[in-house]
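Below you will find one chain, with nothing else, as structure tokens; this is the form predicted on its own, and questions on how it binds or moves follow later.
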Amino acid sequence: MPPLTHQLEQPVKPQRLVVIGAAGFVGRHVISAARSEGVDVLALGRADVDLSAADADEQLGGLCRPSDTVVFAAARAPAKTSEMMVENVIMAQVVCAAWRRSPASHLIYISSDAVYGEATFVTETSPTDASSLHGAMHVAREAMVQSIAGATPLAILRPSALYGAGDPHNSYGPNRFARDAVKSGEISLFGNGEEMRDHVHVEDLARVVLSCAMRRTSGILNVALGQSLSFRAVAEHLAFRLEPEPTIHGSPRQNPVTHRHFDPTLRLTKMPDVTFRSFEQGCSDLLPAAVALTPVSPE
């Protein structure tokens, strides 16, 4: 992939933003951000095009226009089994087949920092590692979308750990901690919560996607705050904001301690107009949704 490049010096609204995976955590926030800026959106969820259907590529290709910017955000995530990995690759195969039928003017793929495996410090030039199923899935899908993009601008966004309102996954981290704190008054950590991760609010990712769409961005970008916190610090940030303050306790460790840090230089240089909220502000935004106890699907 070439370095991150903006095809347009000044932002211009795309004629239409097509969001594949419109009902998902990321897709919903991308649609909200786009519509708030007056961008025309075609929202495609499973009810509109089932990517597992035999004629899904024909359906999807028939809905897309040459002038569209397409955001590919559909996935079963995290991919924890080989069956889930295959299902995700088939989704990408359908999107690629539809693209060959009806190519658009710009493609944005939502990947994941899982492509870096267990690397502790990463930049956009860090090598990918397919040692986990989830990471392997995104490595494969990145290669697939690159194979069909050709000369069309293609942006691959690799977000760090996402949090925010409406997350259906209940993964270990801010969303689960907030829900557990409100529901039971307790936050349970793996070990003592030593691992350090970079947490980015999903609305900030959505604004990066919109910025890419408006400037026809191509290349790879890590979407991360650039501040890594331990999971204990995350739990303490949340607990401090609740009354009564929940208890935080550790549990026997099952896996070795690993850390992840990002260099945010490229994002700060190429997207100075997209300001990320601090994790402290993100906590304040997250807790009202946690108090509402948004239903979650089991892991």
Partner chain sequence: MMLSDLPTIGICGLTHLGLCTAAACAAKGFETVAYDSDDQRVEAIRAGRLSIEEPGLPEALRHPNLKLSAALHDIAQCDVVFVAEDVPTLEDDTSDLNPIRTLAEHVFPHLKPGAIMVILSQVPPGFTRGLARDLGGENIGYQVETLIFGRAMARALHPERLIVGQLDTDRPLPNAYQAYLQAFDCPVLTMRAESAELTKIAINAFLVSSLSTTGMLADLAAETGAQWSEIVPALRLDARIGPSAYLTPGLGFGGSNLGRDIATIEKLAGEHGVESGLTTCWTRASAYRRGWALRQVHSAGLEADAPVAILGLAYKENTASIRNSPGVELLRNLGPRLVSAHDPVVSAIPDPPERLTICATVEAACQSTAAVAIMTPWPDYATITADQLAGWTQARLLLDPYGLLDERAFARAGFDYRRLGHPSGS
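Residue numbers count along the first chain shown, from 1. Everything numeric in this text was worked out from a predicted model, so none of it was measured.
The same protein also exists as the form predicted together with its partner chain; that form is not shown, yet it is the one meant from here on.
Only one segment in the set 77-85, 151-159, 97-105, 116-124 has any non-hydrogen atom within 4.5 angstroms of its partner chain in the predicted complex, and it is 116-124. Although its partner chain is omitted here, in the predicted complex all of Gln227, Thr265 and Leu268 have a heavy atom within 4.5 Å of it. A heavy atom within 4.5 Å of its partner chain in the predicted complex is found for exactly one of Pro272, Gly62, Pro256, Pro66: Pro272.
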